[in-house]
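Just the one chain here, laid out as structure tokens, in the form predicted on its own.
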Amino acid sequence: MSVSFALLGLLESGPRHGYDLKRSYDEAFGRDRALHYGQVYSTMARLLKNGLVEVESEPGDGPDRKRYAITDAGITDVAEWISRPEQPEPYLQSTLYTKVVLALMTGRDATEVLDTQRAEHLRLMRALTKRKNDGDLADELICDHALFHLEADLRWLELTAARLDRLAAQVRP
């Protein structure tokens, strides 16, 4: 996910300080990976340089506190980003496929590789299902996305196990 666009989108509801942006980002998007303050401020500096945000200084006693506001150009960029489809990730060269082929080429047990991976997928699916059931709507949606990908991986594992003899015949020297 693009942190820049997420922060710009958060600014559309009104100007905010960097720490407010971090808190809002973490609540909405950073459930598993909170944003570091340094990343917020370096991203805001880049957006400022590119004319996508502007700084509003607040009067008062003490150090200058910056509030960031989105510009018209920033609003346009966010709108274009939201409307642009994401490139599907086809995983045409997966690490798992490489491990299976190398296991076959080197005389190792490729079935064990597949079984070990299947067990790890199922473990993660149980954890995600628990999180989904215990969480809020955002957790449900995020976990469903991950679970659907894991289900597809499990289908691939089963299909590969069924074709292992054919694959072995092609890759063994």
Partner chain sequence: MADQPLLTADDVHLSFGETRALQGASLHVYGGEVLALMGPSGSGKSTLLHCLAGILTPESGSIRYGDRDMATMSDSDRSTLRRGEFGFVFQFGQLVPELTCQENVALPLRLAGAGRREAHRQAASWLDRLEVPDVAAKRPGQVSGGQGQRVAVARALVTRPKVIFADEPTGALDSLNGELVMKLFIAAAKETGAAVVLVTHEPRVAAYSDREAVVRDGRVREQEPAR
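Residue numbers count along the first chain shown, from 1. Every value quoted in this text rests on a predicted model; they were computed, and no experiment measured them.
One more form of this protein exists, namely the form predicted in complex with its partner chain; it is left out here, but the text below deals with it.
Could you tell me which one of L122, M105, A45, A28 places a heavy atom within 4.5 Å of its partner chain in the model of the complex? Exactly one listed residue reaches within 4.5 Å, namely L122.
From the list H36, R65, R131, R118, which entry has a heavy atom within 4.5 Å of its partner chain in the model of the complex? In short, R118.
Taking the partner as it appears in the model of the complex, which of 28 to 36, 47 to 55, 66 to 74, 132 to 140 has residues with heavy atoms within 4.5 Å of its partner chain? Partner-contacting stretch among the options: 132 to 140.
Is E12 one of the residues lying within 4.5 Å of its partner chain in the model of the complex, judged by heavy atom distances? Close contact is absent here: in the model of the complex, E12 is far from its partner chain, nothing within 4.5 Å, heavy atoms only.
Closest heavy atom of E151 to its partner chain in the model of the complex, within 4.5 Å or not? Yes, E151 is a contact residue.
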